Structure formats: structure tokens, C-alpha cells
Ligand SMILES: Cc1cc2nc3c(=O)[nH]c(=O)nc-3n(C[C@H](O)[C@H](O)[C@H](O)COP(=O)(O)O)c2cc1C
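The chain below stands alone and is given in C-alpha cells; this is the form predicted alone.
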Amino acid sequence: MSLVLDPAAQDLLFREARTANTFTDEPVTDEQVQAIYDLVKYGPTAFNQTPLRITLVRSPEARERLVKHMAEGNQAKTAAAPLVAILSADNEFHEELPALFPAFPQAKDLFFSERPAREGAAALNAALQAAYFIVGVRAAGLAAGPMTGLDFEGVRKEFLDDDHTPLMVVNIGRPGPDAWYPRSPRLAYDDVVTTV
């Protein structure tokens, strides 16, 4: 095998993992979420940016406020998931760069003094971190149901502020009955990889 990672772990993280659509009612604890974050925070980003912000939606009142902003097909599963997380990008992430990237603290002002540059960098790097988060949920033995079918501006106004841009909502928990759709096809290596 060309991969060092154990085949069972490969299955857990990628081959057998799917987007879950139903969940059991087993709770997802704060300790589990902290363990997930403490693992995935090491995923690489440009300049060690850390723009991802995670808003855990736990209370019934907050869940009700979120569900009304979800696309119709995502409402029931968002209402029923044990835990829901709103993943967003902090467009003021650059304020942390001197501490997070001490090798080049002037990057904060040199590259990110203008809001459009920050928004582009925050969107890209928070999306990378969101992908790591989803894989981390799988590493915890849980299932993730990431969704972008939502009213982004409504979610931002309801839960965030002007400095945060919502990226997706992720349902988290143990998979329930009929949690998966059949595995969709993937492109083959030769369809994706070229050598120059």
C-alpha cells in the first residue's frame, strides 16, 4: 500500500464516510467537539490563518431560529440532529496573525489591510478548515451532514455579525436509520490528474 494510514481509518474518514441525513438522539458533548477542534486546528492554512468560527446551536430556541433559515429539504434534519454547528469565516482574522504567524508578523498589514483581501483569504482558508472539521467529526466516530442549502444572509443576521460570513451548517451525531444515500460516483485518477 502506498498509504501509511491504517485501512480501517481510511474507511472511517473517506471511503465509508457519507453525508448523514438522519441521526440517533444520542447527544454530542462539548468534550467531543473540543476533541475534534483540538485535532483539526493543526490543518494547514496560508500564513497559519485561523478564520473559521464555529457556532454550536444547542438550545431549542436557537434551533428554531436556525431551522427557519434552512432550505425546505434541510429543515427537518436540522431540527432533529443532536448538534448543529454554523461554520463561518471571521473577516477580521488578520488581527490574530502577529501571534499565529510570528515568523512574519507584518503579514497582517502588508497583505490584509484591505477588507476585500481579508474576505477572500478568510473564505478560502475557513473553507479549508471546515473540510478539516468534517473529517474531524468522522475521526470522532460521528457523522457530519454539511449543508449549504440555507439563507446565508438570514443566518448571518440571526447568529453572527457583519465581520462573519456563514459558510455552511453542519448537522452532527451518530447516524440514524437510512442515514445515507447510495454512494455517488467519483471521478477517476486519470480524469483529474495531469502531469506536465
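Remember, it's a predicted structure, so these values are computed and weren't measured experimentally. For every residue, the number given is its place in the sequence shown, counted from 1.
Quick note: we don't show the form predicted together with this ligand, though the next part is all about it.
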task = Verify the flagged residues Thr55, Val84 and Thr165 against this ligand in the predicted bound form: is each one within 4.5 Å by a non-hydrogen atom?
result = no
query = Hey, of 42-50, 58-66, 145-153, 23-31, which bit sits against this ligand in the predicted bound form at 4.5 Å between non-hydrogen atoms?
reply = 145-153
key: Exercise: Lys108 in contact with this ligand in the predicted bound form, heavy atom 4.5 Å   = no
ask   = If you check in the predicted bound form, is Asn91 within 4.5 Å of this ligand, heavy atoms only?
value = no
message = Against this ligand in the predicted bound form, would Arg18 count as a contact residue? Criterion: heavy atoms within 4.5 Å.
response = yes
key: Touches this ligand in the predicted bound form: Asn125 (any heavy atom, 4.5 Å)   = no
request  = Could you list the residues in 167-187 that come within 4.5 Å of this ligand in the predicted bound form, counting only heavy atoms and keeping sequence order?
outcome  = Met168, Arg183, Arg186
